[in-house]
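Only one chain comes next, encoded as structure tokens, the form predicted alone.
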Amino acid sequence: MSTEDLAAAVDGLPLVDHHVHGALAGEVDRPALELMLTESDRPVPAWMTQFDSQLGFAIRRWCAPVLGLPAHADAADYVARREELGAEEVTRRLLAASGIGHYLVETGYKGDEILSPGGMASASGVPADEVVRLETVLEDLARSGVGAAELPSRFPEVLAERTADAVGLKSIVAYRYGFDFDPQRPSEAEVVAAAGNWLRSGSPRVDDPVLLRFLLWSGADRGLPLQLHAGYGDPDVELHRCDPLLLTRFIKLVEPSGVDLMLLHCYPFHRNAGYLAQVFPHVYFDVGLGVNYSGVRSAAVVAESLELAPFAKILFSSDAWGPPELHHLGALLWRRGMLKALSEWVEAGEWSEPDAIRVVRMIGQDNARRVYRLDQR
């Protein structure tokens, strides 16, 4: 059975990347670039290169031709070509080649090093909206001199101001504590006490579990879709405490609010996230981040994301930050994974081709447009 129409639909779909960060705003040399091709924050040992990884091989295979080099170009030649073209041109080419049609840009991590939503829109020629990180808003508020007693009332006001034009919220409670937190809304007295301890410490980083719970519940009160990083990430994460199943009680408590919870990336717990998305109507998930880093094996990750959850509950994201190679590959590898899985099912007679095309459009675009109300903007 032919799958030509499916292939055309997959390749031509203007994806909505529902969780992404900006591309690099400036030039980087090879050592700096290699540090951005891993989730590790440790120096790359002298005896190895990050180009010898699934991600590195994928860059040499798929990004090199976009920059005018042969597929599988040598890493040194690739870096030299990058430097020859310059950051602006590299970004323009790779974002255009991704076929992404709308970016939802999370701005809370090293925003001075990457393009803003406006910068992403300018570089790509497609719309870009903002997703606001809760922890960053509180840390900014702390630097303004807010007192502990006024923090519980002042934060929701500042959050409303900061998110007036945003489409969603994001929490990194997985990094700052883990998902094994008390899911109950903290009392005002608990928040004031925790805020006092934190402000007196002088730490710029909020990691107190009471304050993190306060942020989550303030986010739910705001009413925007709430994104939660789950699973694989940098060494800040204690991975065994980032299984989204640990959020089950919190998910149940949030359900009456009607707020949608977006489980981001989830690898290697993506099957657990699929279960949560199946049984709770307000839970969604994606397999971004893990797709890039698993390279040629990403097709298996994408296929596994289709096992359990209703297709209306799955979204596309790249979680790219920095090198525009990650934005490009996040889309390319997801498309390849979807086409491989769905083509096999269509050719085997398990699915019809029209159904396969409909599912691709749901996951790649339509679900995000519905959840984030993009057509109402």
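Just so it is clear, the model here is predicted, and its values are computed rather than measured. Residue numbers run from 1 along the displayed sequence.
As for the form predicted in complex with a further copy of the same chain, it is not shown, yet the points below apply to it.
Student: Is residue 294 near a further copy of the same chain? Define near as a heavy atom within 4.5 Å, in the model of the complex.
Tutor: Heavy-atom contact with a further copy of the same chain at 4.5 Å: present for residue 294.
Student: So in the model of the complex, does any heavy atom of residue 270 sit within 4.5 Å of a further copy of the same chain?
Tutor: Close contact exists here: in the model of the complex, residue 270 approaches a further copy of the same chain to within 4.5 Å, heavy atoms only.
Student: May I ask you to check whether residue 257 falls inside a 4.5 Å heavy atom distance of a further copy of the same chain in the model of the complex?
Tutor: Outside the cut-off, so no.
Student: In the model of the complex, does residue 366 come within 4.5 Å of a further copy of the same chain, counting heavy atoms only?
Tutor: Contact with a further copy of the same chain, no.
Student: Look at the stretches 141 to 149, 159 to 167, 297 to 305, 89 to 97 and give the one with heavy atoms within 4.5 Å of a further copy of the same chain in the model of the complex.
Tutor: Every other range fails; the passing one is 297 to 305.
Student: Can all three of 24, 81 and 343 be found with a heavy atom no more than 4.5 Å from a further copy of the same chain in the model of the complex?
Tutor: Answer is no for this spot.
Student: 192, 239, 210, 121: which sits within 4.5 Å of a further copy of the same chain in the model of the complex by any heavy atom?
Tutor: The residue from 192, 239, 210, 121 that makes the contact is 239.
Student: Go through 45 to 60 residue by residue and record those having a heavy atom within 4.5 Å of a further copy of the same chain in the model of the complex; state none if no residue qualifies.
Tutor: Contacting residues: 45, 47, 48, 50, 52, 53, 54, 57, 60.
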